[in-house]
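Just one chain follows, in the form predicted alone, and it is written as structure tokens.
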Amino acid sequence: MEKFFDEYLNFIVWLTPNRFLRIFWFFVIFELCRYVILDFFLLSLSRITRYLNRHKYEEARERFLFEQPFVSVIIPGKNEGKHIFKLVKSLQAQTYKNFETIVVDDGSDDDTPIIGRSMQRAGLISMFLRNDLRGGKASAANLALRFAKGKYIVHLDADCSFDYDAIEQILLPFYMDDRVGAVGGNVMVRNYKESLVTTLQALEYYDTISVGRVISSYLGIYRVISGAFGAFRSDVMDKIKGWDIGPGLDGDITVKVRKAGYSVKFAQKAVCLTSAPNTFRKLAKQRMRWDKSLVRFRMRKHKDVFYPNQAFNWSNFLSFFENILYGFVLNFKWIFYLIDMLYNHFSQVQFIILTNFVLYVLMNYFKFLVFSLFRERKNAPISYFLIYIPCMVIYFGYFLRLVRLFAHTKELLFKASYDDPWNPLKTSKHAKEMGL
């Protein structure tokens, strides 16, 4: 061990600035510059802009409260009977009250039909609908859409709960800008203490996903409205004909709204708490589905955003470009980086790996602590997460990266998303035939 540390110390001394950039170029260019320096700059700009526009926020809130628009809250799902009552109680505690609640059971084989119908009879929900044969989440959401009467549609997952002003907060961006067609809520992990994997996801949502959505919303390239909590203008949903069938419908509906000429915003103050997968196996299945959707929707179905036609839009182009670059291209680029290190610096690989680990840990601590200044709603005490931050290097750098590589490869070669059991076989077959 002493020999190893002596050799490592010699390696550190050997690292001139030029050698450091040559060996750790991936970290410097694509991690430090992009996710620390640029993100901090843009977060600062977004906070300054929000401060300067604070009067617009107050004016928008006054118009919203004066109008009191009728809202349709739709909750599609399968086998969600155990969650519906808690969700409805959370909705009853909302500061905003002028909404209907429509629950759609998508072919459940648990006691969801009994619970849903009894809640409707008791007046706890406005309407309970059921697909006797499972059609998939998009089918259930579109069924609710047919009966919805609200000016705005709020789509929720049944296993979520919400801050008391979440409905109000997610609707305010519509009153700040008439061009807004959809708004995404701020999803946080409720069961962050359940296991190591839920803690790491809580850190991911808190430190990466939420921050990324604040920045992408500020730049006008926000790309995914979470299915757990999203709001849409009813007239826009009529125009784009609702959700298309298939997994990945959250990103797909967001793209459809953007392509229809509307902007999409992120409401940081509209907080939704969800239960994250509690094992790495369950998480891998979830992320496989998400990652396959990047190839299916952004590189196949909606590839026309790259074409220079009359409908061309620079914000849509940049949104796709950034997502494909960082979510797909650089994920494969990482393999070439490893090959480069093994080929050109084989004798120093163990020191390079250790130094990379230290660099990423330091960067993650810096991001977590400094970016916490920009968060208004803490998911948990900051001190709780500090001990787990070094684990995020393994979580991001190896686990999620390998899941993405596997998912992208399967989707590119085999169009595996059409065989995903998350969606019924009949709807996946229909989606494949239609090219959806």
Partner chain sequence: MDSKIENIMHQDSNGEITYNGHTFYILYPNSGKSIEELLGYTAILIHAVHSAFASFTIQRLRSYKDAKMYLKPIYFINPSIDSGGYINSLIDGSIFNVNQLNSIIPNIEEILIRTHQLKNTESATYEASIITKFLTLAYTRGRKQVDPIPYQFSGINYSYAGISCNFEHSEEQKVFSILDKAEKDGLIQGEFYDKTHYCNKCNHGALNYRSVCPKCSSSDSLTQDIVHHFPCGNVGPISDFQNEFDDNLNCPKCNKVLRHIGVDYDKPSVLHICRKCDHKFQDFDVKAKCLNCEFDNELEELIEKSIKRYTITNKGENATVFGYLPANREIEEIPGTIRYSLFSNLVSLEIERVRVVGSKNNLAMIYLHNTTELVTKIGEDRRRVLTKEVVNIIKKFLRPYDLITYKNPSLMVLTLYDISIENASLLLEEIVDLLKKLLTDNIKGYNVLIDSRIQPIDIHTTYKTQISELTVGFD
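Predicted, not measured: the structure shown is a model, and the values here were computed from it. Residue numbers count along the first chain shown, from 1.
Although it is not shown, the form predicted together with its partner chain is what the next lines describe.
A.B. asks: Of the residues P277, G135, G81, P173, which one places a heavy atom within 4.5 Å of its partner chain in the model of the complex?
C.D. replies: It is G135 that has a heavy atom within 4.5 Å of the partner.
A.B. asks: Of these, F266, F162, Y206, F128, which has a heavy atom no more than 4.5 Å from its partner chain in the model of the complex?
C.D. replies: Selected residue: F128.
A.B. asks: Is there any non-hydrogen atom of F147 lying within 4.5 Å of its partner chain in the model of the complex?
C.D. replies: Yes, contact at 4.5 Å.
A.B. asks: Just checking whether D244 would be counted as a contact of its partner chain in the model of the complex - the rule being heavy atoms within 4.5 angstroms.
C.D. replies: Yes, D244 is a contact residue.
A.B. asks: Using a 4.5 Å heavy atom cut-off, state whether R289 contacts its partner chain in the model of the complex.
C.D. replies: Judged by the heavy-atom cut-off of 4.5 Å, R289 is well away from its partner chain in the model of the complex.
A.B. asks: Though only this chain appears here, would T112 touch its partner chain in the model of the complex if you measure heavy atom gaps against 4.5 Å?
C.D. replies: Because no heavy atom of T112 falls inside 4.5 Å of its partner chain in the model of the complex, the answer is no.
A.B. asks: Picking from 119 to 127, 218 to 226, 164 to 172, 188 to 196, which part of the chain touches its partner chain in the model of the complex when contact means heavy atoms within 4.5 Å?
C.D. replies: Selected range: 119 to 127.
A.B. asks: Give a yes or no on whether every one of R50, K56 and R233 sits within 4.5 angstroms of its partner chain in the model of the complex by heavy atom.
C.D. replies: Not a single listed residue reaches its partner chain in the model of the complex, so no.
A.B. asks: Of 42 to 79, which residues get within 4.5 Å of its partner chain in the model of the complex if you count heavy atoms?
C.D. replies: Residues within 4.5 Å: none in this stretch.
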